[in-house]
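Below you will find one chain, with nothing else, as C-alpha coordinates; this is the form predicted on its own, and questions on how it binds or moves follow later.
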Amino acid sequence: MSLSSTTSLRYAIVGTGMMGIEHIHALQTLADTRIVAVCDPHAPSISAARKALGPDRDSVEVYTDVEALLANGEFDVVVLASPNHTHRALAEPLLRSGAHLLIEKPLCTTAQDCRELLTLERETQRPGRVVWVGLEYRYMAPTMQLLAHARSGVLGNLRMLAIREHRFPFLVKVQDWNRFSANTGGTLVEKCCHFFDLMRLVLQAEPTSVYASGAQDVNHLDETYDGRTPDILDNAFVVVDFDNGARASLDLCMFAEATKNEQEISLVGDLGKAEALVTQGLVRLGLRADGWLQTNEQPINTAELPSAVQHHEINHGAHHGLHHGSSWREHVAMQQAIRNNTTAEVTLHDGLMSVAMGEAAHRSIAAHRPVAMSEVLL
(Lines give C-alpha, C1' and ligand atoms only; values in the text may rest on other atoms or scores of the structure.)
Protein backbone atom coordinates (compact mmCIF):
# COMPACT_ATOMS: atom_id res chain seq x y z
CA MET A 1 0.00 0.00 0.00
CA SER A 2 1.51 3.30 -1.09
CA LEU A 3 0.77 6.34 1.07
CA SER A 4 0.95 9.96 0.08
CA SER A 5 3.56 12.17 1.71
CA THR A 6 0.84 13.86 3.76
CA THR A 7 -0.98 10.75 5.00
CA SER A 8 -0.58 10.46 8.75
CA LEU A 9 1.09 7.22 9.83
CA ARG A 10 -0.36 5.67 12.99
CA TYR A 11 2.17 3.87 15.21
CA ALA A 12 1.86 1.24 17.92
CA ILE A 13 4.86 0.74 20.20
CA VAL A 14 5.24 -2.78 21.60
CA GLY A 15 7.74 -2.74 24.46
CA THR A 16 8.11 0.60 26.22
CA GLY A 17 11.41 0.12 27.99
CA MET A 18 14.47 2.19 27.17
CA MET A 19 14.43 1.64 23.39
CA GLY A 20 10.67 1.95 23.17
CA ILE A 21 10.90 5.37 24.83
CA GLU A 22 13.68 6.35 22.40
CA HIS A 23 11.40 5.47 19.49
CA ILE A 24 8.56 7.49 21.02
CA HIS A 25 10.78 10.58 21.28
CA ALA A 26 12.02 10.17 17.70
CA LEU A 27 8.56 9.65 16.21
CA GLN A 28 7.12 12.66 18.03
CA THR A 29 9.37 14.95 15.95
CA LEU A 30 8.18 13.62 12.57
CA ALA A 31 5.43 15.31 10.58
CA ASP A 32 2.27 13.36 9.73
CA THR A 33 3.07 10.80 12.41
CA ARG A 34 0.89 9.79 15.37
CA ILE A 35 1.51 7.31 18.16
CA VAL A 36 -1.88 5.74 18.78
CA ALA A 37 -1.06 2.77 21.02
CA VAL A 38 1.53 1.48 23.46
CA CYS A 39 1.77 -2.11 24.66
CA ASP A 40 3.75 -3.53 27.58
CA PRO A 41 2.86 -5.90 30.47
CA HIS A 42 5.14 -3.98 32.86
CA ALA A 43 3.22 -1.16 34.56
CA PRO A 44 6.25 1.07 35.30
CA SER A 45 7.24 0.89 31.61
CA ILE A 46 3.76 1.98 30.58
CA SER A 47 4.00 4.87 33.05
CA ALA A 48 7.32 5.90 31.50
CA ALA A 49 5.75 5.77 28.04
CA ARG A 50 2.83 7.93 29.11
CA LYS A 51 5.26 10.47 30.56
CA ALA A 52 7.25 10.49 27.30
CA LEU A 53 4.05 11.02 25.29
CA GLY A 54 3.39 14.27 27.14
CA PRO A 55 0.13 16.04 26.21
CA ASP A 56 -0.73 13.29 23.71
CA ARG A 57 -0.92 10.61 26.41
CA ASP A 58 -4.68 10.74 26.85
CA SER A 59 -5.32 9.99 23.17
CA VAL A 60 -3.07 6.90 23.14
CA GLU A 61 -4.54 3.46 23.80
CA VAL A 62 -2.75 1.26 26.35
CA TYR A 63 -2.49 -2.53 26.07
CA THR A 64 -0.76 -5.16 28.17
CA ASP A 65 -0.48 -7.83 25.48
CA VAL A 66 -0.14 -8.05 21.70
CA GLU A 67 -3.31 -10.13 21.31
CA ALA A 68 -5.44 -7.28 22.70
CA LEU A 69 -3.56 -4.74 20.57
CA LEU A 70 -4.23 -6.72 17.41
CA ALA A 71 -7.87 -7.34 18.31
CA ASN A 72 -8.71 -3.73 19.15
CA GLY A 73 -6.03 -1.37 17.89
CA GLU A 74 -6.04 0.59 14.64
CA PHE A 75 -2.54 1.34 13.40
CA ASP A 76 -0.36 1.33 10.29
CA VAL A 77 3.11 0.66 11.74
CA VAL A 78 4.32 -1.33 14.74
CA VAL A 79 7.66 -0.85 16.48
CA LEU A 80 8.65 -4.04 18.34
CA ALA A 81 11.11 -3.04 21.08
CA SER A 82 10.49 -5.77 23.65
CA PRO A 83 13.31 -7.87 25.22
CA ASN A 84 15.34 -9.89 22.73
CA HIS A 85 14.04 -13.32 23.74
CA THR A 86 10.43 -12.25 23.10
CA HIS A 87 10.96 -11.15 19.48
CA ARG A 88 10.33 -14.51 17.84
CA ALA A 89 6.97 -15.09 19.53
CA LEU A 90 5.69 -11.50 19.31
CA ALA A 91 6.81 -10.89 15.73
CA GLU A 92 4.76 -13.79 14.36
CA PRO A 93 1.28 -12.35 15.02
CA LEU A 94 2.50 -8.87 14.09
CA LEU A 95 3.72 -10.18 10.73
CA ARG A 96 0.42 -11.97 10.20
CA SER A 97 -1.43 -8.71 10.88
CA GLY A 98 -0.04 -7.21 7.68
CA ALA A 99 1.08 -3.97 9.36
CA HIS A 100 4.39 -2.34 8.57
CA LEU A 101 6.86 -3.55 11.18
CA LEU A 102 10.16 -2.38 12.67
CA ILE A 103 11.79 -5.07 14.83
CA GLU A 104 14.51 -3.81 17.13
CA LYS A 105 17.87 -5.50 17.03
CA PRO A 106 18.75 -8.28 17.40
CA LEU A 107 16.10 -9.74 15.15
CA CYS A 108 16.06 -12.86 17.39
CA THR A 109 18.46 -14.50 19.80
CA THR A 110 19.35 -17.37 17.43
CA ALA A 111 19.88 -17.74 13.71
CA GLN A 112 17.26 -20.50 13.64
CA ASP A 113 14.57 -18.18 15.02
CA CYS A 114 15.61 -15.52 12.51
CA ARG A 115 15.21 -18.01 9.65
CA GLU A 116 11.71 -18.84 10.88
CA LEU A 117 10.76 -15.15 10.81
CA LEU A 118 12.09 -14.84 7.26
CA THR A 119 9.79 -17.69 6.25
CA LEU A 120 6.86 -16.01 8.00
CA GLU A 121 7.62 -12.71 6.27
CA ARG A 122 7.45 -14.42 2.87
CA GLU A 123 4.22 -16.23 3.78
CA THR A 124 2.51 -13.05 5.01
CA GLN A 125 3.88 -10.53 2.52
CA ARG A 126 1.48 -8.11 0.90
CA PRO A 127 2.18 -5.38 -1.67
CA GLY A 128 3.78 -2.34 -0.09
CA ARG A 129 4.27 -3.84 3.39
CA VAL A 130 7.66 -2.80 4.84
CA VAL A 131 9.43 -4.99 7.41
CA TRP A 132 12.57 -3.40 8.85
CA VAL A 133 15.22 -4.40 11.41
CA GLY A 134 16.38 -1.73 13.85
CA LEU A 135 20.10 -1.82 13.18
CA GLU A 136 20.35 1.93 13.68
CA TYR A 137 24.15 2.15 13.84
CA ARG A 138 23.97 2.37 10.04
CA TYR A 139 22.42 5.80 10.55
CA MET A 140 25.01 7.40 12.80
CA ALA A 141 26.20 10.45 10.87
CA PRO A 142 29.98 9.72 10.95
CA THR A 143 29.31 6.12 9.92
CA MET A 144 27.16 7.30 7.02
CA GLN A 145 29.99 9.57 5.86
CA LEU A 146 32.51 6.71 6.07
CA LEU A 147 30.11 4.58 4.04
CA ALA A 148 29.91 7.35 1.43
CA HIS A 149 33.72 7.27 1.12
CA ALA A 150 33.58 3.48 0.74
CA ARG A 151 31.00 3.74 -2.05
CA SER A 152 32.75 6.59 -3.88
CA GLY A 153 35.74 4.45 -4.84
CA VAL A 154 38.21 6.96 -3.41
CA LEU A 155 39.70 4.24 -1.17
CA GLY A 156 40.09 1.79 -4.04
CA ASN A 157 39.61 -1.92 -3.41
CA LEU A 158 38.46 -2.31 0.22
CA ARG A 159 40.62 -4.77 2.11
CA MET A 160 40.40 -4.21 5.89
CA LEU A 161 37.75 -2.92 8.28
CA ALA A 162 38.45 -2.52 12.01
CA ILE A 163 35.78 -1.57 14.53
CA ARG A 164 36.48 -0.69 18.14
CA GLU A 165 33.84 -0.17 20.80
CA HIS A 166 35.21 0.65 24.24
CA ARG A 167 32.25 1.54 26.41
CA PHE A 168 30.38 1.26 29.69
CA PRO A 169 28.81 -1.98 31.01
CA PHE A 170 25.33 -3.12 30.09
CA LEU A 171 22.64 -0.87 31.53
CA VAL A 172 20.00 -2.08 33.96
CA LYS A 173 16.87 -3.28 32.15
CA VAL A 174 13.42 -4.36 33.34
CA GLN A 175 13.72 -7.42 35.59
CA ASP A 176 17.42 -7.56 34.64
CA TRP A 177 16.64 -9.65 31.58
CA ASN A 178 19.85 -8.54 29.84
CA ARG A 179 22.13 -10.17 32.41
CA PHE A 180 21.83 -13.63 30.86
CA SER A 181 22.82 -14.97 27.46
CA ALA A 182 19.68 -17.09 27.22
CA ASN A 183 17.67 -13.86 27.06
CA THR A 184 20.01 -11.75 24.95
CA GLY A 185 21.61 -14.24 22.58
CA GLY A 186 24.93 -13.40 24.24
CA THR A 187 26.93 -10.17 24.14
CA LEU A 188 28.17 -10.76 20.59
CA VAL A 189 24.57 -11.04 19.40
CA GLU A 190 22.92 -8.47 21.67
CA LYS A 191 25.53 -5.73 21.42
CA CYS A 192 27.63 -6.60 18.40
CA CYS A 193 24.99 -7.46 15.81
CA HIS A 194 25.25 -3.73 14.98
CA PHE A 195 28.91 -4.10 14.06
CA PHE A 196 28.54 -7.33 12.13
CA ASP A 197 25.82 -5.60 10.12
CA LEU A 198 28.19 -2.71 9.41
CA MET A 199 30.90 -5.11 8.24
CA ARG A 200 28.62 -6.58 5.56
CA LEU A 201 27.25 -3.17 4.62
CA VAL A 202 30.62 -1.47 4.23
CA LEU A 203 32.49 -4.32 2.55
CA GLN A 204 29.51 -5.38 0.37
CA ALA A 205 30.49 -9.00 0.92
CA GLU A 206 29.35 -12.05 2.84
CA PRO A 207 31.21 -13.61 5.78
CA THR A 208 32.75 -17.05 5.35
CA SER A 209 34.35 -17.71 8.74
CA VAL A 210 34.62 -16.18 12.20
CA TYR A 211 37.32 -16.52 14.83
CA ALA A 212 36.84 -15.03 18.28
CA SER A 213 38.35 -14.83 21.74
CA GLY A 214 36.38 -13.39 24.63
CA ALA A 215 35.46 -13.66 28.28
CA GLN A 216 33.56 -12.22 31.23
CA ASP A 217 36.40 -10.78 33.26
CA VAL A 218 35.08 -7.75 35.14
CA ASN A 219 31.39 -6.89 34.88
CA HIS A 220 28.45 -8.28 36.89
CA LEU A 221 30.52 -10.96 38.66
CA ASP A 222 29.29 -9.79 42.05
CA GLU A 223 25.62 -9.80 41.02
CA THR A 224 23.15 -12.63 41.59
CA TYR A 225 19.57 -13.07 40.39
CA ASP A 226 17.57 -15.93 41.93
CA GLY A 227 20.87 -17.53 42.83
CA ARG A 228 22.33 -17.17 39.33
CA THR A 229 25.37 -15.13 38.33
CA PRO A 230 25.20 -13.25 35.00
CA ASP A 231 27.01 -14.99 32.14
CA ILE A 232 27.38 -12.20 29.58
CA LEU A 233 30.81 -11.54 28.06
CA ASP A 234 32.35 -8.13 28.70
CA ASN A 235 35.29 -8.20 26.26
CA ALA A 236 36.19 -9.90 22.99
CA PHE A 237 38.22 -9.80 19.82
CA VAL A 238 36.52 -11.10 16.67
CA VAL A 239 38.05 -11.60 13.20
CA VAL A 240 35.79 -12.20 10.19
CA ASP A 241 36.87 -13.38 6.72
CA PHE A 242 34.69 -12.41 3.73
CA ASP A 243 34.03 -14.05 0.41
CA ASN A 244 35.72 -11.24 -1.55
CA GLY A 245 39.02 -11.66 0.31
CA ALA A 246 38.46 -8.71 2.66
CA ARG A 247 38.62 -9.14 6.41
CA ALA A 248 37.21 -7.30 9.38
CA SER A 249 37.87 -7.17 13.11
CA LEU A 250 35.95 -6.13 16.20
CA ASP A 251 37.59 -5.02 19.44
CA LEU A 252 34.96 -4.86 22.20
CA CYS A 253 35.47 -3.83 25.81
CA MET A 254 32.56 -3.08 28.13
CA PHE A 255 34.53 -1.84 31.11
CA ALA A 256 36.25 1.03 29.28
CA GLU A 257 33.93 3.95 30.03
CA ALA A 258 36.98 6.14 30.73
CA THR A 259 37.45 6.96 27.06
CA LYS A 260 36.88 9.80 24.62
CA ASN A 261 35.51 7.86 21.63
CA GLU A 262 33.18 5.02 22.44
CA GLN A 263 33.15 3.88 18.79
CA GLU A 264 35.89 4.07 16.17
CA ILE A 265 35.79 2.58 12.67
CA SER A 266 38.81 2.27 10.38
CA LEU A 267 38.42 1.29 6.71
CA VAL A 268 41.44 0.70 4.49
CA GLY A 269 41.58 0.15 0.74
CA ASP A 270 44.54 -0.12 -1.59
CA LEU A 271 44.33 3.64 -2.31
CA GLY A 272 43.69 5.06 1.15
CA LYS A 273 42.09 4.97 4.56
CA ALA A 274 38.97 6.46 6.16
CA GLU A 275 38.30 6.65 9.89
CA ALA A 276 35.08 7.50 11.71
CA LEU A 277 35.40 8.68 15.30
CA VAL A 278 31.72 8.19 15.93
CA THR A 279 31.29 9.65 19.40
CA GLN A 280 33.45 12.67 18.62
CA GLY A 281 31.67 13.26 15.31
CA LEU A 282 34.80 13.30 13.15
CA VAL A 283 35.80 11.53 9.93
CA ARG A 284 39.37 11.40 8.61
CA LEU A 285 40.28 10.61 5.01
CA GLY A 286 43.84 9.91 3.91
CA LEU A 287 45.03 8.92 0.43
CA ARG A 288 48.31 7.13 -0.20
CA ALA A 289 48.97 9.35 -3.21
CA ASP A 290 49.16 12.38 -0.90
CA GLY A 291 52.10 10.97 1.05
CA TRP A 292 52.82 9.76 4.54
CA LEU A 293 50.74 10.94 7.51
CA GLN A 294 48.52 13.19 5.41
CA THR A 295 44.82 13.24 6.29
CA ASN A 296 41.84 15.50 5.83
CA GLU A 297 39.61 15.83 8.91
CA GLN A 298 35.87 16.41 8.52
CA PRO A 299 33.72 17.39 11.51
CA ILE A 300 30.36 15.83 10.68
CA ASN A 301 27.27 18.01 10.52
CA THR A 302 23.95 18.07 8.68
CA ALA A 303 25.35 19.43 5.43
CA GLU A 304 27.61 16.39 5.04
CA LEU A 305 24.86 13.78 5.31
CA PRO A 306 23.39 12.03 2.25
CA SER A 307 20.90 14.28 0.47
CA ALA A 308 17.68 12.43 1.39
CA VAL A 309 18.40 12.58 5.11
CA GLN A 310 19.89 16.08 4.81
CA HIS A 311 16.60 17.30 3.30
CA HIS A 312 14.64 16.03 6.27
CA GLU A 313 17.09 17.33 8.86
CA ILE A 314 17.07 20.83 7.36
CA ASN A 315 13.35 21.08 6.65
CA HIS A 316 11.90 19.20 9.61
CA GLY A 317 14.55 19.67 12.29
CA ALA A 318 16.93 16.94 13.34
CA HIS A 319 16.21 15.00 16.50
CA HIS A 320 19.55 14.30 18.13
CA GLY A 321 18.51 11.89 20.83
CA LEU A 322 20.23 8.78 22.10
CA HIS A 323 22.41 6.83 19.66
CA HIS A 324 23.50 10.15 18.11
CA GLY A 325 20.18 10.71 16.36
CA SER A 326 20.41 7.45 14.41
CA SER A 327 17.01 6.16 15.54
CA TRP A 328 15.46 9.36 14.18
CA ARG A 329 17.21 8.95 10.81
CA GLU A 330 16.16 5.30 10.75
CA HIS A 331 12.51 6.30 11.07
CA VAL A 332 12.91 8.93 8.34
CA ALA A 333 14.27 6.24 6.00
CA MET A 334 11.57 3.72 6.90
CA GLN A 335 8.79 6.26 6.36
CA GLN A 336 10.23 7.09 2.96
CA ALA A 337 10.05 3.38 2.06
CA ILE A 338 6.45 3.15 3.29
CA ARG A 339 5.28 6.30 1.51
CA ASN A 340 7.17 5.60 -1.72
CA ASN A 341 6.25 1.92 -1.88
CA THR A 342 9.88 0.79 -1.87
CA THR A 343 11.63 -2.00 -0.01
CA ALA A 344 13.28 -1.84 3.40
CA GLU A 345 16.89 -0.71 3.54
CA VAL A 346 17.50 -3.05 6.50
CA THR A 347 15.87 -6.39 5.79
CA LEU A 348 15.16 -9.50 7.84
CA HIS A 349 18.01 -11.12 5.93
CA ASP A 350 20.33 -8.40 7.25
CA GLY A 351 18.98 -9.13 10.72
CA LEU A 352 19.61 -12.85 10.27
CA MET A 353 23.19 -12.36 9.10
CA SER A 354 24.07 -9.99 11.96
CA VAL A 355 22.77 -12.55 14.48
CA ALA A 356 24.42 -15.50 12.72
CA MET A 357 27.81 -13.77 12.79
CA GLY A 358 27.45 -13.17 16.53
CA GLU A 359 26.36 -16.75 17.08
CA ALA A 360 29.39 -17.97 15.12
CA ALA A 361 31.64 -15.80 17.30
CA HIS A 362 30.20 -17.32 20.48
CA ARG A 363 30.67 -20.81 19.07
CA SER A 364 34.27 -19.95 18.20
CA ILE A 365 35.00 -18.82 21.76
CA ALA A 366 33.47 -21.98 23.20
CA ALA A 367 35.26 -24.32 20.78
CA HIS A 368 38.59 -22.43 20.58
CA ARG A 369 38.59 -22.64 16.78
CA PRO A 370 37.41 -20.76 13.70
CA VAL A 371 33.76 -21.37 12.84
CA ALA A 372 32.58 -21.49 9.24
CA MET A 373 29.40 -19.49 8.62
CA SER A 374 27.97 -22.58 6.96
CA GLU A 375 27.90 -24.23 10.41
CA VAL A 376 25.49 -21.56 11.65
CA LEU A 377 23.45 -20.92 8.52
CA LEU A 378 23.01 -24.62 7.67
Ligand SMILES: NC(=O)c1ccc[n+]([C@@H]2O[C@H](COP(=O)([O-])OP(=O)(O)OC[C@H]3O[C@@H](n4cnc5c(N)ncnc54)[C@H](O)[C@@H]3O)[C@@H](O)[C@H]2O)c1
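Residue positions are given as counts along the sequence shown, with the first one as 1. Worth saying up front: this structure is predicted, and the values here are computed from it rather than measured.
Absent from the display: the form predicted in complex with this ligand. The rest refers to it.
Trainee: Please determine whether residue 173 contacts this ligand in the model of the complex, using a 4.5 Å cut-off between heavy atoms.
Mentor: Residue-level check for residue 173: yes, a contact with this ligand.
Trainee: Does this ligand come within 4.5 Å of any heavy atom of residue 105 in the model of the complex?
Mentor: Yes - in the model of the complex, heavy atoms of residue 105 and this ligand come within 4.5 Å of each other.
Trainee: Can you work out whether residue 45 and this ligand are in contact in the model of the complex, taking contact to mean some heavy atom pair no more than 4.5 Å apart?
Mentor: Yes.
Trainee: If you check in the model of the complex, is residue 230 within 4.5 Å of this ligand, heavy atoms only?
Mentor: Residue 230: no, not in contact with this ligand in the model of the complex.
Trainee: Which one, 234, 190, 275, 197, lies within 4.5 Å of this ligand in the model of the complex by heavy atoms?
Mentor: By the 4.5 Å heavy-atom cutoff, the listed residue in contact is 190.
Trainee: Ok, 214, 142, 134, 207: which has a heavy atom sitting within 4.5 Å of this ligand in the model of the complex?
Mentor: It is 134 that has a heavy atom within 4.5 Å of the partner.
Trainee: At 4.5 Å between heavy atoms, only one of the stretches 345-353, 24-32, 332-340, 37-45 reaches this ligand in the model of the complex; which one is it?
Mentor: Of the options given, it is 37-45.
Trainee: Taking this ligand in the model of the complex, which residues of 12-36 have any heavy atom within 4.5 Å of it?
Mentor: Sequence-ordered list: 14, 15, 16, 17, 18, 19, 20.
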